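A single chain, nothing else alongside it, follows as structure tokens in the form predicted on its own.
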């Protein structure tokens, strides 16, 4: 690894904007307005390589880049042995098997003996082989969802985010082969500045999923309020001017917040303040 780390990121598509946002939120300063091949960070020894999402795994495997951000589905499809250093929690989708709405198949196992069209050939073949389901894979590079209607296949395996495209094409899902999201990948054993980048990005991801909650609480009901707070470790307790009241500070999961606030109020908490967390290093 040279003096500067090289991070390959998508140059277009649905992963581009959230990836650039993640890097900026981590405090990295670089020009993302011009879509040149390389953009150098001003405040960290990092060069950002903008590449096709489909090529990023190969860039990292071949040493063109030291790390990369791509979809987990592309990593699995490639079969390359790279480490997933962080799951970034955006670009979520599923690789699903689907059949026409009037087809008899109800589960993936029911596809035994069927023709299955997909652009994810390697992943699909491994999945079916591992489960002893005999299928004929029909490789397609695009428009997979129309394959049953065209008589090319009995079923498909395709990426799904909302499922609306399947519905429009008269298909229904019968099972998930793989759950995918954006991931940060690196060769096994990568260290040095690579570890710093992992820490930066993971801090943003963890911070986005938590909230900092502050409240006033009656001292007599402190144990009850503490029991309601499932955050990181014990909450901080700060004495107030009134001897029968304390301030309670805690970090809680964002998806638990609204189910928690009513219980805190019922336990006597007041003046509840909820703040976002920019970075959280655990």
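Since the model is a prediction, treat every value here as computed from it, not as a measurement. Positions refer to the first chain, counted from 1.
The discussion below concerns the form predicted in complex with a small molecule, not included here.
Heavy atoms within 4.5 Å of the small molecule in the predicted complex belong, among the stretches 147 to 155, 184 to 192, 166 to 174, 90 to 98, to residues of 90 to 98. Interface residue among 159, 140, 109, 122 relative to the small molecule in the predicted complex, by the heavy atom within 4.5 Å criterion: 159. Note on contacts: among 203, 74, 82, 135, the single residue with a heavy atom within 4.5 Å of the small molecule in the predicted complex is 74. Although the partner is absent from this view, residue 265 stays clear of the small molecule in the predicted complex, with no non-hydrogen atom inside 4.5 angstroms. Heavy atoms of residue 18 never reach within 4.5 Å of the small molecule in the predicted complex, leaving it off the interface. In the predicted complex, the small molecule sits within 4.5 Å of a heavy atom of residue 180. Residue contact with the small molecule in the predicted complex: residue 39 places no heavy atom within 4.5 Å of it.
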